[in-house]
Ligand code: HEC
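Presented below, as structure tokens, is a lone chain in the form predicted alone.
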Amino acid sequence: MPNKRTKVRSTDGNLSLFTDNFMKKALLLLASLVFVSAATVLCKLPKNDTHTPLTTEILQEKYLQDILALQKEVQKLQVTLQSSTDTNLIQQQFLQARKAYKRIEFLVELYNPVLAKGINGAAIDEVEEDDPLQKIVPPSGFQVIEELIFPTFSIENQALALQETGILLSTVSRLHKTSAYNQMTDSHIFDALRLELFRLVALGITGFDMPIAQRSMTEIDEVLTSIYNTVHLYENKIADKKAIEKFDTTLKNAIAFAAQNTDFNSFDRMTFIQQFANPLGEQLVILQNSAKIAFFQEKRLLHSQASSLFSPQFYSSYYFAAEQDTNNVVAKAELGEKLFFEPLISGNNSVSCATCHQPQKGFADGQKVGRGIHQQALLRNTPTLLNVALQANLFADSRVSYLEDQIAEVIANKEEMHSSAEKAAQKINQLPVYQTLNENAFGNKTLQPRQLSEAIAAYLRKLTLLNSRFDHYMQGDHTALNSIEIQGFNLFMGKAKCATCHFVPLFNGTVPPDFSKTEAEILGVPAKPTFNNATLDKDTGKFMSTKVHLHQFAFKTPTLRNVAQTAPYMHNGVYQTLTEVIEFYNKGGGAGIGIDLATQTLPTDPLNLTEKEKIALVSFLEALDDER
């Protein structure tokens, strides 16, 4: 049985409920039948004799019915587990229950995100960091059950599978009770539809939420059909009928495309995203505007009017700021840039931020680990500062939430700058050259300590680029990537499982589509660059700040943007090349090179990448360099 704590796992996936040909025919047939018109939906819902029901009321009633349908499918899974040990029967019913969930996922995630996690969250233990007892919260839901019945079902797992199915059934029951009180709005619904489309791209087709069975492609039709049916509830409000027709055609073609290839490893994700997912997002925006439905307004990393995940202009570099004050940001960034290169902010006036974060080296330093104020080796590798604003926490051990606090901590660290924001501001204020810059940024010639950090943070947020060749390709320039790089992207999103931790499009650990948290992983990084009989690096990572046992050897998932410029790699700089890094993952992380680490969250199974596939992956990663 796979490690209970393993977040993302791989299996050979050879078991099938049907033969390949039969599956293709069945899915193609399904693609032609699944579209239910809005009129059909309406006729099945209870009629209100007192007034014409609002679209949201119709959707709310349908949502409650669909939750009950999910409940029945989970009950069938429970009965199947009780009465049979046939792997095919059990797996088939499991997949049916998952499909029932996918039909309502967009609404569950919108109104009940906590229950959504209980239904389809990652199968990994968690602990509340502020819990003094450090009580472990075990996972529940589909992914836990998936571990117990894939790739084959064993009678030894029957009792536990029944127990977990019972927990899932209870969660679905709570979902039905709490959902009776939803206050739906049209704005929320259209927002949820686009977020579900983004969720499909970033999590669904990567196998993030079905890591062992790897049947994600067979769920595409359920997600898209749910979007289709919901949009058609608004058909009478949408003035642009041609836009509806275009949307219908794109969506039907997307389902047909997915039905033609359900194999996890060979599925062409780039084509699916480029030809179907991105256009569907754009068309949803057009339909919402045509229906005169206001866009949901909320401050978040990805703006509510974004038509796809790959729209750089819709990412806010100030979302994770301590104070989302965007006044005078140009002047603040100008001051911050000068301070970034100013050695006076260090204790002995010898080093600046740019000493370790060198622009010509991708704002890293090219060394195995950083060097401090006295040129002594620091604990960890120096990360890039490009796109640093697009993550929920900072430092390799995730100990700080805001850039301003990170800057102040680095200045105060005895091994790094050995000063303080107060001392640094005092020295800066003695220089006439800064007085005009200070006044333009903050309205006063005298710079306050907190303002020093704020100015440098403004400059760092200016380093949010998202303009690599990959980005150009995703925005329509089909000359930006070659066929090898496109193959590398498909591997990244599929067989190589990179995208289950380095989420598109930011390629860091900030989880889409809500982008509210940045994940940490336990990889089993070795102390030396060997692939045989390796020993674990002694740095305990996140545990050093949280003292939570479950966080031992956990490190924040860093960005892979500009990764070709920022060697060496890993938190300790153990690997010099991207080829070495890929080989580490290919072997199954620490577990594959001789390190016994029970809490490893990286898949422990080898990826079985060919040499050509490894080359393609490296080529794609090199295409993530931003243009500066």
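Predicted model, so just to flag it, every value in this text is computed and none were measured. For every residue, the number given is its place in the sequence shown, counted from 1.
Missing here is the form predicted together with the ligand; even so, the following discussion is about that form.
Look at 229-237, 300-308, 550-558, 268-276: in the predicted bound form, residues with non-hydrogen atoms within 4.5 angstroms of the ligand sit in 550-558. Contact check at 4.5 Å (heavy atoms) against the ligand in the predicted bound form: all three of Cys353, Arg371 and Val388 pass. The shortest heavy atom separation between Gly204 and the ligand in the predicted bound form exceeds 4.5 Å. The ligand is not shown here, and in the predicted bound form it never comes within 4.5 Å of any heavy atom of Leu506. Among heavy atoms of Ile407, some come within 4.5 Å of the ligand in the predicted bound form. At a distance threshold of 4.5 angstroms between non-hydrogen atoms, Gly281 is out of contact with the ligand in the predicted bound form. Of the residues given (Gln91, Ser216, Thr510, Thr500), Thr500 alone sits with a heavy atom within 4.5 Å of the ligand in the predicted bound form. For the options Phe543, Phe314, Phe295, Phe395, the one in contact with the ligand in the predicted bound form, meaning a heavy atom within 4.5 Å, is Phe395. Counting a residue when any of its non-hydrogen atoms is within 4.5 Å of the ligand in the predicted bound form, the hits in 401-432 run Leu403, Gln406, Ile407, Val410, Ile411, Glu416, Met417.
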